[in-house]
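Encoded as structure tokens, the following chain is the form predicted on its own, with no partner shown.
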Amino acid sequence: MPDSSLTPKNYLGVPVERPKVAFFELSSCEGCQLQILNNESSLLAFLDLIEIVRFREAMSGGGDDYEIALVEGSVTRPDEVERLKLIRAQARLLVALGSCACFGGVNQLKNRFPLDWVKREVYGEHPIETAPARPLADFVAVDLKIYGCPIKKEEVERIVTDLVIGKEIVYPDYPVCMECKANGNLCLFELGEPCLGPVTRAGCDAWCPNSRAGCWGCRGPATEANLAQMLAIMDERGFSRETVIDRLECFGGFASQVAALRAAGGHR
């Protein structure tokens, strides 16, 4: 009998080829990859669309015959630069998976401090080679970004499905606030909680505000984000400018906005 794993699958009755996909991790917690495995209810249907040839979180071994590479994590060491370039050379399509890969993520917070001090405070008498944390796009061409910390598993499934069937990838051009209001949530500003929902790219279904936690901007800025208006709201609610900057700075997606605020004397 023919190997069913090599048989073209159907999407809405139309045969589609299963692209070979590999998952990789650089400096990260690997939480984004774990998110994909956590979606048990639709995992098998998702896997039916692709052929995974490397995925350390889910399988042993693995091959290098892949077309699509999904890379999690930021770049923090010279060997990671070389590894990333090798992945890029093999992949037809390279996807930055999660905030670390897209912006540097939480890892880039160390960039605010002298590197020698970081090595000493974190590693003590057993230092390791490390460099400022940087996103994938600083070193190689990135074809597609999937935002979030961690990524939203439903969004990954939608994007990968669109890739497989050749559909245009569309990101929301509105902020998280729109999703939050659509979900019927009470605005967190009314509860005394700072929130970057007014300026952060939507697509997570207001994941944090749904749980009464203010948005930290892990998905980066929304299209035409009105930062000035959000700062006015924060000022009106009594949040210091440094509180706002700390939140904007957390994942690296608002780096240019933070630089502008600091240049303008952002401490208030």
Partner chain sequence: MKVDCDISVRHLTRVEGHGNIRIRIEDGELKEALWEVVETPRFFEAMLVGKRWDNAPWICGRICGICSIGHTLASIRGVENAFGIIPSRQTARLRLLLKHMETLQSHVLHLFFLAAPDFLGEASVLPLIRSRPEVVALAAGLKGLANDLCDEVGGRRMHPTRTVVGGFTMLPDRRRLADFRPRLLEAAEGLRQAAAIFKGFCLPDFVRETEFVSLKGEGEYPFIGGSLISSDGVTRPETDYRLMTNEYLVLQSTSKWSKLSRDSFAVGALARVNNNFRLLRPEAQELAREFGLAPVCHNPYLNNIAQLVECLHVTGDAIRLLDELLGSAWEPPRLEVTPRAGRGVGAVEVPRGILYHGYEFDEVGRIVSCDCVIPTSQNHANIQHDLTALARQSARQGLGDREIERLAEMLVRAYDPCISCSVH
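We call the rigid core the largest set of C-alpha positions that still match within 1.5 Å between the two forms. Positions refer to the first chain, counted from 1. Please read these numbers as outputs of a predicted model, since none were measured by experiment.
One more form of this protein exists, namely the form predicted in complex with its partner chain; it is left out here, but the text below deals with it.
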Partner proximity in the predicted bound form: I233 to its partner chain, non-hydrogen atom cutoff 4.5 Å: no
Partner proximity in the predicted bound form: L109 to its partner chain, non-hydrogen atom cutoff 4.5 Å: yes
Interface membership of V118, its partner chain in the predicted bound form, 4.5 Å heavy atom rule: yes
Its partner chain contact in the predicted bound form: A96, any heavy atom under 4.5 Å: no
Option touching its partner chain, based on a heavy atom within 4.5 Å in the predicted bound form, out of S42, N38, Q229, T223: N38
Non-hydrogen atom within 4.5 angstroms of its partner chain in the predicted bound form for each of L144, P172 and A255: no
Location of its partner chain contact in the predicted bound form, chosen stretch of 174-182, 161-169, 88-96, 147-155 [non-hydrogen atom, 4.5 Å]: 147-155
In the predicted bound form, residues of 187-219 near its partner chain [heavy atom within 4.5 Å]: E193, W207, C208, N210, S211, R212, A213, W216
CA of E125, rigid core aligned, shift of 2 Å or more between the shown form and the other one: yes
